[in-house]
Structure formats: structure tokens, C-alpha cells
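Alright, here's a single protein chain in two forms, structure 1 and structure 2, each given by itself as C-alpha cells.
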Structure 1
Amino acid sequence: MNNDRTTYFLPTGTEEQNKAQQNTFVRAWKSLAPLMLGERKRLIITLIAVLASTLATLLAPVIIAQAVDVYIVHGNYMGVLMDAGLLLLMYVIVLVAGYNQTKNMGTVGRSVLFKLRNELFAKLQELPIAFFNQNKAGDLISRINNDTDKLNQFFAQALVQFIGNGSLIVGAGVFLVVLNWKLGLAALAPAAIVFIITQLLSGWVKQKSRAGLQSLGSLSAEIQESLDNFKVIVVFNRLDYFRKKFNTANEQNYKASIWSGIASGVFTPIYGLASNLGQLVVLCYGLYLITTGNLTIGLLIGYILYVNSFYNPLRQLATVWSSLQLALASLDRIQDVLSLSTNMPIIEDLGKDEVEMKNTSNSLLPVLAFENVSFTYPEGKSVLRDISFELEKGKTYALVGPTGGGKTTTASLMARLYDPTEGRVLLQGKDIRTYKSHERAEKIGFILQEPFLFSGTVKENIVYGNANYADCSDDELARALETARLSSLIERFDGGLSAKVSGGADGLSLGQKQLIAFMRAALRKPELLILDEATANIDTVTEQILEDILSHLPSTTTKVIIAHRLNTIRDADQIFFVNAGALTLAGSMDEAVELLMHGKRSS
């Protein structure tokens, strides 16, 4: 029984959600630290390089001040040359350190990007079907590609600047105060104002950055959805509808990206003004101190250089800070996915079913059973209510009913694409939730209404997910297909097993796609085979071939057929009518037809 009606709708980046996610530094570090465990050596080298670069930059003004006050004033040009040599050495250290920073952090960024994308994709594979039904593929692709790339850019470029400029600002600030605390406090006053403004605007910047990323995801989703359904759009001559929807999404992205751009650049002029004010204050106050004999010319020059060493990095931090907010917004969107957990876990077998199985002969044990099963979608739509039935080995069952009556939902519960809201599903006498995914896939075959194929060859699609034929040759597979009476279907493809299948299989008819899906399922020889409108798009001759193949499956294979065409279920051992939350056993084909006609009229 699954009472967890988890909804998997991802946040859309509204203001309320962003307010709840302001303090993300600690959470960001906790999320990213495990991804950097293997990068300790590069991080240490980068930190040493940052400290060396900072120290060399901070020593340069001292050397210049000394050259002016000690050597130039007294005409000691040899001392000037010595200081020039020291300055050259400092600049070489800065150059080498900067190269090491860029090289190592670039590698760290790519490593984090690689691991983060793997972790994100692995999380997507853990989540249930409901997650993908509730979220658009384009937005998920944007989170995997665009959002992770924003984090990579921050690690590869902005993080080094953030740490380097931050240490340089702290060092320059200390020198300013130590050399002359009055002049230092005056020089740092504009920075204090900027700090307050930054604190006030950071939340707004992050909010706009997240909104920009969200709008980009929505635009990607709209493009992906429109291109997937482009044939339908052309057939109904609704290119105007396509353009209208795209223009709406594009306009929303345009407006969001403008505000995101404004937010990204809002700090640059503010920090630039603070830098100019700082230099102006030092120059005016410094000249006054020189006239009073409390400051030398060389020290004033050094002081101005320290002000530049303080405010120039601060000005660069304006861009870096916006990049940080964008990275944090990206991390929020990534964490939206990583923080999810499936509401369909594998549970431990409590042993009760095992006892029941031991007391029951294998021949009498049903392949699958529903015990008081009810199911309601997260949106609140009730589909099944208190359903109980059993499927016996080797028999053929049919599910009929009006469109939307619950046939496919019933089949999905059989294959555990969903868990019941109430009750439980038993597979060979055990709760289906106790089976691991690969165990369940070996026992249950499912041919969907819209089969999906992967890019590759017909052979690769047939053996997909089948460990018994994963490494087989074409000849071995051909013999296996012939034994299973499936070889005649290969002749329907130009090139046979080597026929190419493009992404989405656009070069194949829907009937050909269903043939491949049929072969893929039948070759596994599952104990339960579910066919959801498997012959809906296949010609009569091919349908007869498939019926012959079905009849030659192992005698223990239980078949469940969902069909609207009654001739496809005429030979079923039992027919169930599914509609309005109920499942009714139809005594005969005529009764099934009557129930179906009545259900259509009532719906």
C-alpha cells in the first residue's frame, strides 16, 4: 500500500521559493564538497598559487615606496635597479601563479561538471514515471546541460577570481590600516557602503538569475515539445499555433534574460564608483598629510597603489559576485532534482508471503494478483477502486473498456510503473515491491502503446536490456529469433538486424516500431507479457504472424492484452471490463461487447 501521493512538480523559481533559499552558501558547500574529494591536490596547489600571487602583489607597492623615498630622493640609482629587479620577480610570480590557478581550477571545474551531471542523471533514473509525467523534458535537459555548465564556469573562472581577489582585498585592507590607520579608514569608508548595498541586493540578483534560468528551461521545453510534435502541427496546418506558443515562451525568456542581465551587471558601476571615491579620498587626505609632514611622497604613491589593489579586485568582484549568484541559482535548480527521492522504493519481504507460497502448489499459485487495489493520480483523479483479481499461469486475459476507463493504468500497476494508493499487487505470491528492478523486468514484458527505440541498429534495440543476448553475434541472435518464430519479422526491415534506427526512429513506421518492441519483449520469454494495443498499427498479415508467435510462447507465459479491436481478444480465456474505477469479469465475448457499448454510451 502506498499512501504517499508525492508530487514531483519542480519549483518554477517564484519569489516565495527564492526567499526560502537565500542562505545557500553552507548548503552549496555540502552539496559540492563530495564532488571535489578527488581534487584535493589541485585545490592545494591552487590555494598556494593564490597566496603567492596575493603576497607578490601586496609587496610591489612597498618596493615602489622604498624606491621613491630611499633611492630616488638620494640619487641611488643602483638601488632603483635592484628594486626594479624585485618588481620584475614579483610580476613573474604573479604570472606563474595565475597560470597555475587557471589550469588547476579549470580541471577542477570540468571534473565537478562531469561528476555532477552523472549524479543528476543517476538521480533521474531513480525517480518514478510520475516525475517525468509532471515535468517537461526540455526543462530537465536545461538543468542537466545549462545549469551544470553555469557551475562549471564559476569553478573554472569565477571561483579563482573570487578567492584571489578576496585575499588581495583583505591583504590590501590590512596594509592600508597598518601604514596609517586614519588614512586607511578614510580609504575603506566607500567599501563599507558598498558592502551594505551588496547585502541588500544579493537576494534580488539571485532571484532574477534563477528566473532567467527557469525561463530558459521553459523555452527549451517548448522547443522540444513543438519539434517532437511537428508532424502533427504540419498535418493540421497549425504553424501559426506553433509560432504563437514559441513567441510567447521566447518573449518571456527575453524579458527574464534582460532582468537577469541587469542583475548580473548591477554591482559593476557601484563598485567602480566606490573605487573612484576611495582614490579621491586618499589623494586629497594624503596631500594634506604631506603638507603637515605626516606622510612622504613615496608612501602616498604606495598608498594609492594599495587603494588600487583594494578597489580593483573589488570592482572585479562585482562581476564575480553576480556569477556566484548565478551559480547558486543554478545549484538551486539542480538541488531541486537531487533532493527528490522515489516514492516507489524496494521494500523488504516480511516473510508472510513466503509462508503462503510454501503452502501453495506452484501450479496453483497465480502469476499476478491484485488485492483490494485502489489507485489515484497525484492530481486527484481516481482511476481504480478496491480491485481484486488473479491471473493464472499460461492463460490469456483481455482488458477492454472505453478510452480513459483505466486499462493502461491497470497494466501499469501490473508492471509496477506505479504503486497502488491502497491495497497491493502480488507477483508469484510476493509483494511486487519486494522485487528488484532487474528481477521484475525479467519476469514481466510490456509492449507500450507508443514504443520507444534508441539510435543504433535493429539488433541493438531487440537485445536492449536482455542480459542473455547482450554480447551475442548476429548469427546467434538470428538463430534465437528463428527458434522463437520471430525471424520472419526481420525481413520487414531493409538491412535486417543491421538496419539503422535513428533517434526517435523517425525513419520507421509505427507498425515497424511495434514489431521491434514485440521482438524485444518476446525474446525475453517473460512469465507475464502485457500487450497494450500492440497490434493497433499493424496490417492484417503481420497481425496473424504475431498471433502465431504468441501461440508458440512457453505454455507457462501469461498474456494480458489491451485492445479496442475485439477480434484481437476473441481467443482470450477471460475478459475483464475496466471502467469508472471498477473491473468486471465478462462471462463471454457478447457480454464484453454489451459492457463496452454500454460504457461508451455512459461515458
Structure 2
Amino acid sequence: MNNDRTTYFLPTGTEEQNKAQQNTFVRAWKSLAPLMLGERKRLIITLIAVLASTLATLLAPVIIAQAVDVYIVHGNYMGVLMDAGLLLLMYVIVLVAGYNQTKNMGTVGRSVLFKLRNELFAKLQELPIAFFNQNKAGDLISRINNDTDKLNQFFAQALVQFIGNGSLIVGAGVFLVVLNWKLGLAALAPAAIVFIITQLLSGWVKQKSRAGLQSLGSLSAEIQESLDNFKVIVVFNRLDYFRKKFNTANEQNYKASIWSGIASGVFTPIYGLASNLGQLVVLCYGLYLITTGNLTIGLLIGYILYVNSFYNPLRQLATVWSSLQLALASLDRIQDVLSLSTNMPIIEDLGKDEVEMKNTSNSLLPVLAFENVSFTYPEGKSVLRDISFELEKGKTYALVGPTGGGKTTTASLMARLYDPTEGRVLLQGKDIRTYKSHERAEKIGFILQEPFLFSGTVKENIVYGNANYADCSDDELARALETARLSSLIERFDGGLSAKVSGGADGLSLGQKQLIAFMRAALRKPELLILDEATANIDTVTEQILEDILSHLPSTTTKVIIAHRLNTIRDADQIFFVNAGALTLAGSMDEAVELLMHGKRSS
């Protein structure tokens, strides 16, 4: 059962993005329709409002034509007044319907935006660590913030116009042809040309829009990287270097946005020209028809109004069309993320067959076992080859080995941060892939080599993700820490449990961060506790305290300790030496030292 070697690089170029244009609408509809399901009532109201406003707009010219040809010509002023009243009614209908459309679609847009952001964020959480190794956070943030917002703008503003103008255009077009088909076709001819031009240009506009969004993503990634590493940049006096890198990204964004600006404006003048041409054609041809007695003045006025009703919305569609292309480009970038699926799914638990096969009672079952595990990082070199071992309940294991030897990788596989390329990892006799993530997190505590803290208080960071202490008071937590012998560690913080931790935890020393990570893991009383260089930045006195705490964890807790300092691991029951793809058992502390010094056994 090997995993697919999926890589998670999101496209960042613009080359391959010219996906089949004709599919765009279908794909857009497929991904957006489910998000709008809950908004059915609003959408129906909007549709009714659109139809009402279209009908009212289209009836107005008929009323005017009638007023001219029937009432004005015969001097019937009561009739004219009546028509004026009717017209006013039509205009009020258009006003009310327009207000309703905007209000409802605004709400639909915001709701789609809300759901889409949630969906994106949920997807990000479900994706494996490899995805985050391969993509820059800044670009991801830009996808969640900017791209969804572009889509929202389309929904809130453009979609109403799209539907409203679209139905007006169709309606006016039908009226034009039905009233006088020759004049009608002449009036529509410029629109046909515009339609063809639009078809030809849309792909290009979308591509330029996408390039604009892409470069915004890169810019945001650039900013994020230099903000994250600001200290290193100052220490190495590389401000210039990063300024240059930023300037390059900014310049690219500038150029791309100029093009996307041009692209978004390209339709407006073309549509304007078509509109004017349409009116000109109708005026000339209409006057000719009047002189030959084939048209009345009232009808010509009505006709010109219809040409207006046809071309005005068309002209507005020009703006909306670019905004649609921008929205589609955004949607593409969002779908790049949404269409990824994790290559680390929870697999089906096929009962307890493995446990029975081993014919051992639960207490004798190894807490964790590697079965012929090999591992290679995506596009990296092979780190582990065909490794098998078992960790028994309650024992302490040490992993030693040279830098880059594969200790952290082995530990990451134990906690299922990655899945093995080959072989299996068993947690209490069952494939680790059958455990839900919360079950796994309950059983395994992992203190990372680079501890990560969230902004909040020390307390919040300690109880992070721990359901048992989610709502406990300071006192309750203090007592729990006392029982776990952890309270002496709290004294290392000014302000104790309520000491503030800023995002990135800059106000704390690395050792203090490790203490918090240690308390976070120890308080969970996991069955397997993995410490990756957890004491590397802690003074020897505190280290003694940590050792004391470790030795007072429940006797059933299995510990895996990764350390460079050998005194940290002298109490280990077994020492594994990890290097060059292999994991070998070092019989004793002395042998481990020998292995470390010479990379091989002395005998």
C-alpha cells in the first residue's frame, strides 16, 4: 500500500493557465453552485426583480411610441397624461427592483465569500505538511484574502448587472427584430462584430488578470519572507538584498497590473463605439424608412430607445465582462488549492485483525512499530531505507546520530507528519493511518525541534489543543501542573500562567519556548512522548527538573528522546543510531559514543 508520490507545488506561472476557455463557465458553475444552495430564496427574489425591471424597461418605449403616434398626434392630452403616469410606474418598478437586486446579491456574494474562505482554510488544514514545505505562505494568504475578495466583488456588483443587463439585451434585441426586422438586424449588426471581438479577447484578458493576481501573490510571499526573517536580515546586513528582491517583485507586480488594467479596460471603448454605430445606423435607415412611409416618427423614437436599451447594458457589460474574467482567474487560483487532495487520508480500519494476528494482549503490544519503512522527501533524497523496529510500552528510547542523519524525519514519521514511502507505521498494533487526527494527537505528544507558540498567554499555549483543560480556570490548571510536577517551570516566566506570548513569541527565550512546548506535551499524558532536541536550549539545572518530570510521567508512557548531548540520554533503555538511511541499535552508551565518533562499531 504505497502512497502516490504527489507533489503539491501550486502553479505560479501563467503559461499553462490558459485552460480550455469553454470549460471555464462549467467549472465556475460547478464550484460556485453548491456554495449558493443555501441562498435559494434570495436568488429567486433577485431573479423576479431582474425580470420585473427588464419588463418595465422594455415597456417604456412602447408607451412613449404610443403617446407620440396616438395621443400627441391627435391632441389627446388626457391620454398623454395617462401614459406619463404609466411611465412613472415603470420607472418606480425599475427603481425598487434594482434596489432589491443589489441588496440581495450583495448578501449572496458575502455569504459565498464567507463559505469559500472557510472551505479554503479547511482544505489548507487537511493538506499534509509537504504542501506547506512546497508553497509560500504569502501566496496562500493572498489566495484566501485577495482572490476570494475579487470573486465577492463580482458577486456583489457585477453578477446583478450581468443578469439584469443580459436579460435587457435579449429583450431589447427581440423587440428590435419583431418591430421591424430589417431595421432590427441593421441595429444589431455592430453588436455581432463586438461579440466576435469579445470572444477573441476574453482569453487574453483572463490571462492578464491572472498574471496580475499571481504577481500580487508573489509580492505578498516576498513580504512575508522578509518579515519572518527580519532579524537574520539585519544581522547579516542584507537589507539591500531584500530591498532588491522586493523591488523586483514589486516591479513585476506593477507591470502585470498595468497589463491587467489595460486588459480590464479594453472592452469599454469597443462597446462604446458599437453603441454609437448602432444608433447611427438606426437613425439613417429609420429616417429613410419614414420618407418612404414605412415607419412612423413615434416608432422611430421608440426604436432609438430600444437601441439604447440594447447598447447601454451592452456597454455596461464591457466593464462587467472584464470583472468576470478577473473573477474567473481568481476562481482558478482558488481551485488550484481546492482541487488538491491530501495523499495522507485516514484509511479504513479493518478491525483488530493485526492485533489478533500478533496474538498478544493489549498491554504487551508495542506502542509503536516501524515495518520495513522507507522514506524519501518529495523531490529530495532518500532518508530512511527499510527500517523495522518496535517501541515497548513504558520504555525510554534515544535516537542519536549526526546532523542531517534522519532523526527528526524518523520522529516525524512516528507522529504521522509524513507517511512512509514504503512500509507501514503501526500505532498500538494498528496502521497509524487508521487513526483520526485527534485520536493520534491524544496518544502522541511531540515536542518539535523548533517549538511554535501562538499569540496569547502562557496558559493558552499550554492547554492548546487539549480538550481536558479547554475551559479550566488558572487555579485548576495550576493544580494540574502541580500534580504533574510542572509548576516549578511556570516560575521561569514573569507573570506566570498569564504571561503574554506575542505571535512568533519574540519576547521569550528559545529555552522558555521549549519549556512551554514541554508543558503542553507533558500535560496531555500521551502514551508516546517524542522530544526532538527538547532540552538543547535549556540550562543544566532546568534540564535536571525536566528529567525529573519525565521520570515521573506515568510508567506506561513511552519516551523517544532525540539529543546531541549525551548526558540527556544516559537513562535510555535503548539507543538507536540513525544515519545514512539506516537505524541501528547501539547496545550501550559507550557503543553509541563510538558510533557517533566514527560512524561505525568499534569491533
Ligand SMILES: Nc1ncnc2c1ncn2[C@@H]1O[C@H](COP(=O)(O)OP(=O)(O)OP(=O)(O)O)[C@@H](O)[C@H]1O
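We call the rigid core the largest set of C-alpha positions that still match within 1.5 Å between the two forms. This is a predicted model, so every value here is computed, not measured. Residue numbering: structure 1 sequence, from 1.
Asker: Have a look at both and say which one is the form predicted together with the named molecule.
Answerer: Of the two, structure 2 is the form predicted together with the named molecule.
Asker: Does the C-alpha of residue 575 move 2 Å or more between structures 1 and 2 once the rigid core is lined up?
Answerer: Yes: residue 575 shifts by at least 2 Å between structures 1 and 2.
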